[in-house]
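Only one chain is included here, represented as structure tokens and corresponding to the form predicted on its own.
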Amino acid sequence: MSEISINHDEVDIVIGALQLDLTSFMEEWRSVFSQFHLIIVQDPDLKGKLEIPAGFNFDLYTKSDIDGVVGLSSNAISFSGYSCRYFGYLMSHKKYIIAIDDDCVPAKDSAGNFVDAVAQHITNLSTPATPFFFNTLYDPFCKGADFVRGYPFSLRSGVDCGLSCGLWLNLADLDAPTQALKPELRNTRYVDAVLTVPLRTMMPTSGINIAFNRELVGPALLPAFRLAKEGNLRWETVEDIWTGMCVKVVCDHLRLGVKSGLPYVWRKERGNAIESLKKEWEGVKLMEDVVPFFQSLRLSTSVATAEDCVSEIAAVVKQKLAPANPVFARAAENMLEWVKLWKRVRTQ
């Protein structure tokens, strides 16, 4: 595979700031972040002024900026906690958006080399995905790989990749019950692989380390599903998991790909699994209904854009899930409100 050329003007890096002092975080990433435009969104619940070192090209958005753009008519959509990253998605006009949380630092591969997460995400998004037939050598467009014997030549050109889901070392993305039972468990396995998630296969997605093609699937990355007692930290929310299944349905319908694997980041400690369990448990139970719903969901053949896909998903959620639990009714309303907001910002 040839080396991917990165057009820096096509990339925004979105950072949701949940801590006031970003100095250490930014310095860890300086060699990468200094090459790109950054969108930093301060958690609207975080009081005080952010500390950001010099030498970066960034736009900073605070609570007043969020209120000014969203307005009172959209107060059902929450940008609190890590959900503030979605406001960054809303404000970007670049082709590619990469999101990395402020408690993550660059990882090192198995040989001890620095991992450039941005370059790998752009590679994933710039090369075709292969969702319609699984390649046992994983991503055939990676260096040293190709299609295996028996792979149909008619499918080897692949399709555009809409979403790249990176992974992380140290703190694995376990749910609160698992982390509470295994408090010492850490992810130390660096797997040098990227794969396309097969068509109609759902997966849990995290906003910790992801990238997407805004022009193809931007409106499908949305803040919609919130629990009654939802908190702001990783074990206290299932919002990004709901979002991941929404965007996977959109990608499947529009014949786009989703990749998972490289790049890795290193995730630091944050949050308390025992306390978070009290907030997340409702979401753990709801997943037993949510996953089969998305697995069986099929959209109308006439739907041809990500915005319209989200609107139709919201309508089906309201019809089939909302009668059983008001949390789904609120999610459907937020999805429709988000589409309106996305369109309004795009036309301003």
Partner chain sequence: MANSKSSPALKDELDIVIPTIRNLDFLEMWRPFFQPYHLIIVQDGDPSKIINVPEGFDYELYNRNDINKILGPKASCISFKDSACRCFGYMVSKKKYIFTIDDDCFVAKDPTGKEINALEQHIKNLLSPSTPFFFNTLYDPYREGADFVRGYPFSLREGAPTAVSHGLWLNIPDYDAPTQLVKPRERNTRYVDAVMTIPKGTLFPMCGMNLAFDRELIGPAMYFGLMGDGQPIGRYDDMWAGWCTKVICDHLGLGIKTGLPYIWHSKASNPFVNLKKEYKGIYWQEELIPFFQSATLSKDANTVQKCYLELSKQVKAKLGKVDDYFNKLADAMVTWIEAWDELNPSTGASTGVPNGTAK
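Source: prediction; values computed, not measured. Residue numbers count along the first chain shown, from 1.
Here the subject shifts to the form predicted together with its partner chain, a form of this protein not shown in this document.
Q: Pick from 180-188, 115-123, 218-226, 83-91: which stretch has a heavy atom within 4.5 Å of its partner chain in the model of the complex?
A: Contact criterion met by 180-188 only.
Q: Please identify the residue among Asn213, Ser206, Thr127, Ser78 with any heavy atom within 4.5 Å of its partner chain in the model of the complex.
A: Answer to the contact question: Ser206.
Q: Please state whether every one of the three residues Arg30, Ile52 and Leu254 places a non-hydrogen atom within 4.5 angstroms of its partner chain in the model of the complex.
A: Result no, not one residue of the spot touches its partner chain.
Q: Looking at the partner-bound form in the model of the complex, is Gly158 within 4.5 Å of its partner chain by any heavy atom?
A: Gly158: no, not in contact with its partner chain in the model of the complex.
Q: Even though the partner isn't displayed, in the model of the complex is Trp168 close enough to its partner chain, meaning a heavy atom within 4.5 Å?
A: Trp168 belongs to the contact set for its partner chain.
Q: With the partner left out of view, is Val265 within 4.5 angstroms of its partner chain in the model of the complex by any non-hydrogen atom?
A: No, Val265 is distant from the partner.
Q: Report yes if any heavy atom of Val238 sits within 4.5 Å of a heavy atom of its partner chain in the model of the complex; otherwise report no.
A: The answer is yes: Val238 has a heavy atom within 4.5 Å of its partner chain.
Q: Does anything in 113-138 come within 4.5 Å of its partner chain in the model of the complex by heavy atoms, and if so which residues, in order?
A: Counting only heavy atoms within 4.5 Å of its partner chain in the model of the complex, the contacting residues of 113-138 are Phe132, Phe133, Phe134, Thr136, Leu137, Tyr138.
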